[in-house]
Structures are given as structure tokens and as C-alpha cells.
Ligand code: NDP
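One chain follows as C-alpha cells, the form predicted alone.
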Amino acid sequence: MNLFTIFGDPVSHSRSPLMHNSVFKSLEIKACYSRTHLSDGSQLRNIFFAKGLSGANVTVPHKEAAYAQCDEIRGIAQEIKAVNTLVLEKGRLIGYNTDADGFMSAIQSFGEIKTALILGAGGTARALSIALRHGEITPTILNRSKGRLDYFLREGFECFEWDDFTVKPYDLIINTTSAGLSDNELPIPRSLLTELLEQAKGAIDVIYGKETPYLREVKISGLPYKDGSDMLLAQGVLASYLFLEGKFPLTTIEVPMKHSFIL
């Protein structure tokens, strides 16, 4: 039996086991997918091999650490420098990023988007900034402090800290921080968020399965919005395709995975 897991901190909320096990069951694949709480991202590779895994997903805050521990990086992950999907191939750890394509699929329903403001500067923000740029959408990065902005500055993105940011209109406001995942925090100060939402056309939170404080503020504003469920599904289908070595079409994988969202 092939074993898969998702690494994260926190990870108890993750729907990934339900999603992937639903696919395995439907396609009669002898495999099992679990959760692995990981506080020290530097130990990801050691634990991967100790568990005898065939593949894994990686969620916050370990996507950059996962990138650093791979033997080979493929696809858009080379540019993003953050990995959310790992596959064992001939004893080597291969890293991919399915967040980027998953996000672009999820935002199609918002219609035409030219500008986006990304809240946060972690691995997910990296993926989305590159994906948006590839989609001819101009992203701006807003983070609490300068500490994690170096990557974005090197990539030529417009970046701001809270203290040096001036509000202007953006088509889409995107929360990539963990604020609201296991607390009642907002990703940025309420006054700043309110001002941004007054001038935006839509908003999305990559957190899924709950109404975060961020989404509550968005709902009050009356803007079109989404949580991270559509992105989760789209990136999960791509990850499963990689886990199963491309033996099944994406459409075949999507049916049971989408069904798992109503279980």
C-alpha cells in the first residue's frame, strides 16, 4: 500500500485526507492518506523517508522549507521557490507547486481582474504572485514587516509594509496569511481592511471550511467573495494526478474528489 500525508502546523483542520482517500477508493487504488503535524519544517525530509511515504502535500508554514529539501524541483515551483506537493521518484524527492494553477482556476468566476493585493508574504503568497503575473494580472504584496519581502522584491513585485502603505483601488484582495485559521485575528488592521474593501471589486481567503474574521468583514462590505475551497479542490486534483503518476485523467480524479466536499 502506498502511503501519503499532508505536513503542516496546524494540520488537524485539513480536508486533504478526505479528498485523496475518496479518489483512492473510487479508483480502487491501494493507498492511504493521513495528516502529519510538523512543527519543525527542517525535519520534513527525514520524516518523509522515515514514514516510507510515496508522496505528500505541504501546507503552512513549511512550503519554503519543503522546497529547500527536494532533490529536484519541477514546473512553476522552480520560479516560486515554494513547494506544496512532493512525490518520491526512484528514491529522490521531487517537488511541485499546484497552488498556482489551482488559484487561477478558482478566481475565474470573478471575471476580468487586472490588479490584486496579496496580504502576507509566505509560500502561498509566492505561488499566487507568480501565477497572477503569468495570468497578466499585476500583484502587489502587503506584509506586516519587511522580513519576508526579499523574495518579492527580487522578483520585481511592488511590496509594502503596513506602515508605508497607501490605500488605492485593487480588483481583488487576497488573504494568504493564517489569520483566522485557529484564532479570531484579521490579516491587517481593521481600519486598513475596511478602506481597501471600499475600493475593491472582490475578495478571496485561501483558508477554507470556516468563516474567518476576514471573510466576515468582506461579507459586511457586500463584495463578491470566496473562501479557499475552489482553490483547494483544483490544486488537490493536480496533486492527486502527480501522486498517481499521470495514469488517470484530471476529469476522472475530479469527480470523486469533488464529491468528498459534501461528505
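Residue indices: 1-based, along the sequence shown. Quick caveat: nothing in here was measured; it's all calculated off a predicted structure.
The same protein has a further form, the form predicted in complex with the ligand, not shown here; the description that follows concerns it.
- Residues placing heavy atoms within 4.5 Å of the ligand in the predicted bound form fall in a single listed stretch, namely 226-234, out of 191-199, 28-36, 47-55, 226-234.
- Here is the short version: of 81, 74, 133, 144, the single residue with a heavy atom within 4.5 Å of the ligand in the predicted bound form is 144.
- Proximity to the ligand in the predicted bound form, defined as a heavy atom within 4.5 Å, singles out one entry of 137, 94, 186, 104, which is 186.
- Contact check for 122, 181 and 208: all three have a heavy atom within 4.5 Å of the ligand in the predicted bound form.
- When the ligand is considered in the predicted bound form, residue 176 lines it closely, a heavy atom lying within 4.5 Å.
- In the predicted bound form, none of the heavy atoms of residue 215 sits within 4.5 Å of a heavy atom of the ligand.
- For the chain shown alone, residue 60 is a contact residue for the ligand in the predicted bound form, at least one non-hydrogen atom being within 4.5 angstroms.
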